[in-house]
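Form predicted on its own, single chain, as structure tokens, below.
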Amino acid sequence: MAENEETEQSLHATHVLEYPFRRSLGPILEKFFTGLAERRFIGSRADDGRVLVPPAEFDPVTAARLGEDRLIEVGPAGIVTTWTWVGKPTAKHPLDRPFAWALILLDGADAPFLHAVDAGGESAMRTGLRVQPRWVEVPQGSIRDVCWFEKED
């Protein structure tokens, strides 16, 4: 190879993005996760009347504290507002088959909630699709108490 001749090389680096820590919940998110253990969704009513899911400790517009008196039950069903298809799930995804990540506007909420949707195939997935949660058999107060959402019966 000549001294001036360029060679093509590809550089690769492995990077794993994880957050290996546990967060304390506080009184508002504790109610949200307790609700999940009871197969219910809890949101909070902001100063302007919007219902946020998951509930917020502080109003995102006014920064006012949103106490337990602002909590409200929503859902459990809702509509898909936007989505993206995952054709090749990884081991860390919630399903071992193709599925969608979707923003779901739960009935009674004003802010969409991100979760997985098993629509049965990409052609069945659409904005406006009504979905309901598929719950685990033994809930434990975790976001994983909702396995995924599926088309409403």
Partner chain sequence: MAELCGIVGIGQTKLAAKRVDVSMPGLVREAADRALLDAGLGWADIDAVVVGKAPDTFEGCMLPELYLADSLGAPGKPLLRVHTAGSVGGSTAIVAASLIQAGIHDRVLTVAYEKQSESNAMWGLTISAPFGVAVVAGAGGFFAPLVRGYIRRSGAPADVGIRVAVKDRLNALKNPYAHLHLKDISHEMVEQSPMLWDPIRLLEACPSSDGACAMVLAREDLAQRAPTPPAWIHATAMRSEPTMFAGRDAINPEAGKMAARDLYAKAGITNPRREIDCAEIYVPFSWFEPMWMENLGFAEEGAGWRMTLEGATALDGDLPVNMSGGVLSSNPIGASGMLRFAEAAMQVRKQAGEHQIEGARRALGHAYGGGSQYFSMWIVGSEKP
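We call the rigid core the largest set of C-alpha positions that still match within 1.5 Å between the two forms. Residue numbers count along the first chain shown, from 1. Computed from a predicted model, the values in this text were never measured in an experiment.
The same protein also has a form predicted together with the partner chain, omitted here; what follows describes it.
- For residue 24, a non-hydrogen atom is located within 4.5 Å of the partner chain in the predicted complex, even though that partner is not displayed.
- Taking non-hydrogen atoms only, residue 108 never approaches the partner chain to within 4.5 angstroms in the predicted complex.
- The closest non-hydrogen atom of residue 123 lies beyond 4.5 Å of the partner chain in the predicted complex.
- Although the partner is absent here, residue 47 lies well away from the partner chain in the predicted complex, with no heavy atom inside 4.5 Å.
- For the partner-free chain shown, 11, 12, 13, 14, 15, 17, 18, 19, 21, 22, 23, 24, 25, 26, 27 of 9-43 come within 4.5 angstroms of the partner chain in the predicted complex, judged by any non-hydrogen atom.
- Superposition of the core reveals a Cα shift of less than 2 Å for residue 140 between the shown form and the other one.
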